[in-house]
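What follows is a single chain, given as structure tokens, in the form predicted on its own.
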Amino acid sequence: MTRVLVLYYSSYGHVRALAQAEAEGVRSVPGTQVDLRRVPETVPEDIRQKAGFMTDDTPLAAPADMEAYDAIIFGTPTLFGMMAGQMKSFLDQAGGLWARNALVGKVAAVFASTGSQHGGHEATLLSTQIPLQHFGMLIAGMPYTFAGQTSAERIVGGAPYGAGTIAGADGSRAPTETDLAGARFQGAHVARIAARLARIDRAEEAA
């Protein structure tokens, strides 16, 4: 089985909805196993409650868990044009994996939620890929074979760099079906790439 991890942080549920769609896309690829996990919260509980953060019962991940997967799909909200601090803190704790080259050659992808169309959507997708490349991971985006991202008739999240959604300034806008379809597409895209690479690795080991 090709193992894929969908790993995310979500404050209000937009990224979690995309993460669930990413996992659906992964499951659509035969011979693939997917785990849905979230990174630990760093905001104190009293502040979470005052801000109206959602309650999330998705199991937590630890940085060491990433080594066990063939591919990892990372989801984050955009905060000031970059990934959320919770996701950055999680990646910062993966130095041991970096030192052992434990993530080299694994497939990685990113998806994001942003408050507005020009609130750092693409900047977050691209900048989140930077540490993943330091780990030696292979970046998969969301190619234009997903035609939904080319629509000019409505607000559409995502880009060639990854799936996404636009939450609105007050967070009231839910991911559209196009946004969720993009996430499912990306999940399946990553799973197929990871499966091909795994087959090559197995063939080389058997040779």
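So that there is no doubt, residue numbering starts at 1 and follows the sequence shown. These figures come from a predicted structure and were not determined experimentally.
Just so it is clear, the following notes concern the form predicted together with a small molecule, a form of the same protein that is not shown.
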### Listed residue that, although the small molecule is not shown, lies within 4.5 Å of it in the predicted bound form (heavy atoms), from 101, 116, 93, 133
116
### Message
Only one of 140, 39, 180, 167 gets a heavy atom within 4.5 Å of the small molecule in the predicted bound form. Which one?
### Response
167
### Query
Should residue 105 be counted as a contact of the small molecule in the predicted bound form, where contact means heavy atoms within 4.5 Å?
no
### Message
Would you classify residue 129 as touching the small molecule in the predicted bound form, given a 4.5 Å non-hydrogen atom cut-off?
### Response
no
### Task
Give a yes or no for residue 15: in the predicted bound form, does one of its heavy atoms lie within 4.5 Å of a heavy atom belonging to the small molecule?
yes
#### Entry: is_contact(residue 123, the small molecule) in the predicted bound form, heavy atom dist at most 4.5 Å
no
